[in-house]
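Just one chain follows, in the form predicted on its own, and it is written as structure tokens.
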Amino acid sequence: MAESYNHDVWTEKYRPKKFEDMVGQEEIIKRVKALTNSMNIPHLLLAGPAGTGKSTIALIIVKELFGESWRENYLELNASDERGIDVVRQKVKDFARTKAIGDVPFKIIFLDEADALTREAQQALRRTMENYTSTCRFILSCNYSSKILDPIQSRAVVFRFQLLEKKDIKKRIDIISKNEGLSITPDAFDVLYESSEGDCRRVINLLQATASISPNITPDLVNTIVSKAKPSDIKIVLDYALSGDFINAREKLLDIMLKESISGQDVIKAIQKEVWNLPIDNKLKVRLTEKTGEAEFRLVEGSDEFIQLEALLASFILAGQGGE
């Protein structure tokens, strides 16, 4: 078996090195490339889902601007690890104080997952951005730009990244499979893509995990790696709930979560999809979709997964009996 299966992380090994290597986001790439070529980029805010190229484009900008000396002129912070006001003040200020090495008159600070910063830390960041504009440019990345304070947004050029289309992800997968000597059936690629929902990083990670078992990638092989609730299993849970059988609905749900080791959020996503296939009135589907959304919000906020899912099943039972 090829050694790369054991040693290299493919998401890094195959991370695009130049603007031309990137897939999707054509408009963004065109504009960012023009800004980079002018050697004078503004602060940037890159917003959009995971695995769509935000970190990659930040690295390409830095390497294009600074060449060999990019590491000395680049500071990367992950805001979800370092969310506090002190980190922003200290690390950023220490780095921003010194002049850039080379021809470019500024350094670059990349703040990943900036929407995880507390409001106070964002206020501190805003002041730091104001104070060090002459020596620093900030590239912020986030999933949701609405979580970033308006004064920060107004100081940056905002680029909104879209989920990658199937054809774009296929381009990357074709390159990897050719290099790694893999054969992927079209059906297997479909399963990989559906599991990723447009997140290129997730597709590549799944492909590497599958390839570690066999270089011949089939749908069954991908399914053994993908940990997610099967529609048929979720349908059984919902059928029990809508018929008023809470005990069996709860048992089957527990079974899915523990035996298949599937997270509450994955179960919620599967329920959300399955609701629309149920043979029930459309008004009821709308109400159940709303209940599912409420449960998902509570899970994201850190509530106990199983309790929230039990409560969701209870609301399905009430709905099935014609209640609210």
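All of these numbers come straight from a predicted model, not from anything done at the bench. When you see a residue number, it is the position in the sequence shown, counting from 1.
Keep in mind the form predicted together with a small molecule is missing from the figure; the text below concerns it.
Which one of 164, 117, 241, 125 is close to the small molecule in the model of the complex, taking close to mean a heavy atom within 4.5 Å? Only one listed residue qualifies here, and that residue is 164.
Of the options 299, 275, 50, 257, which one has a non-hydrogen atom that comes within 4.5 Å of the small molecule in the model of the complex? Looking at the other structure, the residue within range turns out to be 50.
Quick check on residue 310: any heavy atom within 4.5 Å of the small molecule in the model of the complex? Result no; residue 310 lies far from the small molecule in the model of the complex.
Is residue 305 close enough to touch the small molecule in the model of the complex, meaning at least one heavy atom pair within 4.5 Å? Residue 305: no contact with the small molecule in the model of the complex.
Does residue 112 reach the small molecule in the model of the complex, with heavy atoms at most 4.5 Å apart? Residue 112 belongs to the contact set for the small molecule.
Quick one: does residue 143 come within 4.5 Å of the small molecule in the model of the complex, counting heavy atoms only? Contact check for residue 143: yes, within 4.5 Å of the small molecule in the model of the complex.
Counting only non-hydrogen atoms, choose the one of 209-217, 196-204, 96-104, 244-252 that falls within 4.5 Å of the small molecule in the model of the complex. This holds for exactly one stretch, 196-204.
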